[in-house]
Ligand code: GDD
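One chain comes next, on its own, written out as C-alpha cells in the form predicted on its own.
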C-alpha cells in the first residue's frame, strides 16, 4: 500500500535545531524522526512511500536512499515552492492509483493504521480523518462529527468556549485519490481550509476516526523534550537503541563510563559516549553518539545530539543541545534552553528560560547570566 508523507516544512518553531537539517531528520532517541515513522508505516503494510519535500531535501535523500535498507520503496518529489497539504498531494496525484494514507510528518503517534483503514473501507468513505482528544483545542483544527462518525463541521483554532468537542485533526488521513479532482494544480492549497470544506459542502462521505492513542506534535522545543520523556518513560511503544545495561539504561557499543559516575535511568547513551568521573546523568536523557561528559558534570532531563563536548561541572537540565556543541567548564543550561549545532558556550555562562543560541555562535566566558 502507498503512503504520502508531507515533509516539506522548514520547522521554524523548532529552530535553532532545524537550521541545518529538516524537521523529519531531527533525532528521536538517536534515530531520525522520519526513520521512526517509516518503521511504523512498514509495520502496517505501507511499503511504498512518497515524500513531498521542500526544505533541505538532500539531507533526507542522502540518508534514506531508495529506502531498500529500511524495507520500503521511497519516491522523492521536491516542490519548487510550498504547495500546502492538499496542494502537495495533488502534485503527486499521478503516482496514486488506489486508496492511500497521507501523513503530516511532524507527529509521533502509535495510531493503529490497520484499524483505521478497515474503518474507512467499511464505511465507504472518501476521506477518513484521524482524530485525537486534547485538553485545550484552541490551538488546533477541531472536527465536529455526528453520532455515526460522519464529519459535520470544521472549526480552525476556535476561541475559548466556541468548540463543541475536544477532538482535533490528528494529521493522518485515508484518502480516495478521486477527491483530488477538487484541488487546483500547482497552487498552495490546504486540506483544512480547502479540500475538506469543499467535500463537506458536496456531501461526500467523510468520517472521523477517533482514537486515544499516543499523539504529539514535535514542532516546538518543549514538545521535543516531552516526546523523549514519554518515549523513555514507556508511554509510547518504540524500541530503544543499544543493549540494556541496567534498570532503564540503554547503551550502544563503545560507551565508557567512569566507575564513579552515576547514571540513573531512563537514559540512552549513543555509540562511543564517554562519561567522566563523578558525573551524573539522570533520565529522561538521551546522549548522541560520541558525546563526552566531563568530570562532575550534571545532565538531567536533556537531549544532547552527537559529538557534543560537555565540560567539567557543566549543568544541563530540561534543555536540548545540538550536534557538535561545546560547553565549557561551569556553564549552566536550564529551563528549556536550546543550543544550535556547533555553538560554543564559554565558561560560567548561565542560560535559562528557553534561551536559544543559534548554530555556530560563540558566547565568551561569563557573558550571560539570568
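Predicted model only: the values in this text are computed from it and were never measured. Residue numbers count along the first chain shown, from 1.
Here the subject shifts to the form predicted in complex with this ligand, a form of this protein not shown in this document.
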Can you check whether residue 356 is within 4.5 Å of this ligand in the model of the complex, heavy atom basis?
no
Residue 101 near this ligand in the model of the complex, any heavy atom under 4.5 Å?
no
Is the gap between residue 13 and this ligand in the model of the complex 4.5 Å or less for some heavy atom pair?
yes
Residue 265 within 4.5 Å of this ligand in the model of the complex, heavy atoms
no
Could you spot which one of 141, 241, 248, 149 gets a heavy atom to within 4.5 Å of this ligand in the model of the complex?
141
I need to confirm a contact call. Of 174, 279, 289, 83, which residue comes within 4.5 Å of this ligand in the model of the complex, counting heavy atoms only?
83
Do heavy atoms from each of 8, 52 and 168 fall within 4.5 Å of this ligand in the model of the complex?
yes
The chain here is shown without this ligand. Which stretch in 230-238, 213-221, 110-118, 291-299 comes within 4.5 angstroms of it in the model of the complex, by heavy atom distance?
213-221
Any residue of 88-117 that, in the model of the complex, places a heavy atom within 4.5 Å of this ligand:
88, 104, 105, 106, 107
